[in-house]
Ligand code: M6R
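Have a look below at one chain only, the form predicted on its own, in structure tokens format.
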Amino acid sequence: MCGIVGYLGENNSIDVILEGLSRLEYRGYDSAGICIIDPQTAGLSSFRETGKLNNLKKVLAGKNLFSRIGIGHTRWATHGAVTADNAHPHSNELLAIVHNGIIENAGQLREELIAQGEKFYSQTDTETFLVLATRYYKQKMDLRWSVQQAFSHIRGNSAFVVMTAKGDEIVAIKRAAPLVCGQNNVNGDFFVSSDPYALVGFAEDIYFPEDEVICHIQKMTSGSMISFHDLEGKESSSFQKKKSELNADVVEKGEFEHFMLKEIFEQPRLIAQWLDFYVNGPGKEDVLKFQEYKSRTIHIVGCGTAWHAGLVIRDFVEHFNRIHTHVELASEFRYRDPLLKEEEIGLFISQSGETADTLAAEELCRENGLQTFSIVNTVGSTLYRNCVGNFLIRAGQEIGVASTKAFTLQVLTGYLCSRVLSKDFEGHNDLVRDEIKREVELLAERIDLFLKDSEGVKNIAQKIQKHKGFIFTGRRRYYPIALEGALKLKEIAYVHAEGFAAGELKHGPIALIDEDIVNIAIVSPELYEKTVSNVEEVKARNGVIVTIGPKNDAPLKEISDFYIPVDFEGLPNLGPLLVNVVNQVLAYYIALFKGTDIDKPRNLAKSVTVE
């Protein structure tokens, strides 16, 4: 969840680190800090501030500091309050450290170390690692060995980056947490980060180390170097090396006021590119490999928006394939002792591929002999590496914390997987592929048309944004869209919003309805009469009705306070994705009128790497 950036090279590390951290603000944080070698004292010097990164930048401005090495951090508090003392980096006279994750046995280690005479100056679990590593460092003055030894004592998923007061080396290591290293071959600069997007424009080569592999960056007399080692100190080849394919466009908003809006508007283009790859291009061979697993029970697992995508995908799989499909919240999956059989498969959905709960669920399935697959956005992520097969959603970097385009591409990818598993696909490849192609092309076209003429949704948002609560309703495939619509509104507008299956309102939730509750009612051609009846129930109790329904529907428009017409024609399977874009735009404008921080909502993190 936290942002990490480290640098060793010939340039000013402060500039590189602050730029990298600014790109990672989307991950969510509540404090920021940096540690460098002070040019005056030649020792470690840390600067830490609560709140936004700009607060740290203001402290550093005008100090005229220059250091060729440094580590920086944006913290999302887990252990300890949001204070400057708890902010990272943590340091002493010998070492400085930044940390992403949780040390599960930190309390026990802290008690043992205090009993041995050690002192602590923060409430964080991170400081236990600093104290441990420093004890070992004093024995041999060997940073890599010290980190190895300290790492062997801790439990939990974490990534650590450590530098010394000597100012000539950085060591990094992880366990089930995001960590990448980078290298600029022209000037010999080296980098480490929790996210490759922090290194855009800086690093040409990107390294993805496996768990418990130490990345060691050193400044040598003949130049700097990077090496990888296992926990016994032997050189390791357990890492992936890739050329950076990123460009600066991914970290720029362009003409849009927010990244979220930019990413909503990217969806028609991305859908077209997805179609070219998976239906017309080389990706179709990757998906065809999924055919051998047809007729097996499927466990779909995800968190938040990914879980909602899984609910839609379940409907596709069961409809087209008549295969038992279970959709699970990753945070609950392990702890309810699920029934798993070797002949079943697990399908895990995650934008980042680093979601801690999802990774733990995938590990459980592997341990029980299941074949595991991912629908994921990030090549080289932990989930990507752990699964036997991966379906990349190819959404590009998603900067906005509230997921938009990733959901669309996740559902599309799951839809394609479900069609590949179906018997109709056998012997009729071209017919089914043409059917898929037509509907996906039409979806991209309809989304594009809606976005070009979404002023009406903006006007509705302005009129309803002051109401006290919002209830999203839908049926069948539109029920998960109701859940997702409510989540988007909660995330970015900070208002109470809930999603319900429309038919369930009368079983309790309808007690909430009064003149200050807005019902965002999704009315699709499926189960039309029953859904309209549910809308009438809300209207009879003075609820404010915003319907998202079939275009040119005069009776529906008549019973609505606000009416958003949607063209469902030709979208029997993918209509939910069109409606979801309407919900995204509606949530965006409600948040805009409320003045919230849309791209970086309070208390949230983009990549949730702790349980």
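Residues carry their position along the shown sequence, with the first being 1. Since the model is a prediction, treat every value here as computed from it, not as a measurement.
The discussion below concerns the form predicted in complex with the named molecule, not included here.
Legend entry - Candidate spot Cys303, Ser352 and Leu487, all three touching the named molecule in the predicted bound form (heavy atom, 4.5 Å): Judged in the predicted bound form, Cys303, Ser352 and Leu487 all sit within 4.5 Å of the named molecule.
Legend entry - the named molecule in the predicted bound form: contacting segment from 140-148, 440-448, 269-277, 394-402, heavy atom within 4.5 Å: Answer to the contact question: 394-402.
Legend entry - Contacting member of Glu263, Asp125, Asp189, Glu491, with respect to the named molecule in the predicted bound form [4.5 Å, heavy atom]: Going through each option in turn, the one that passes is Glu491.
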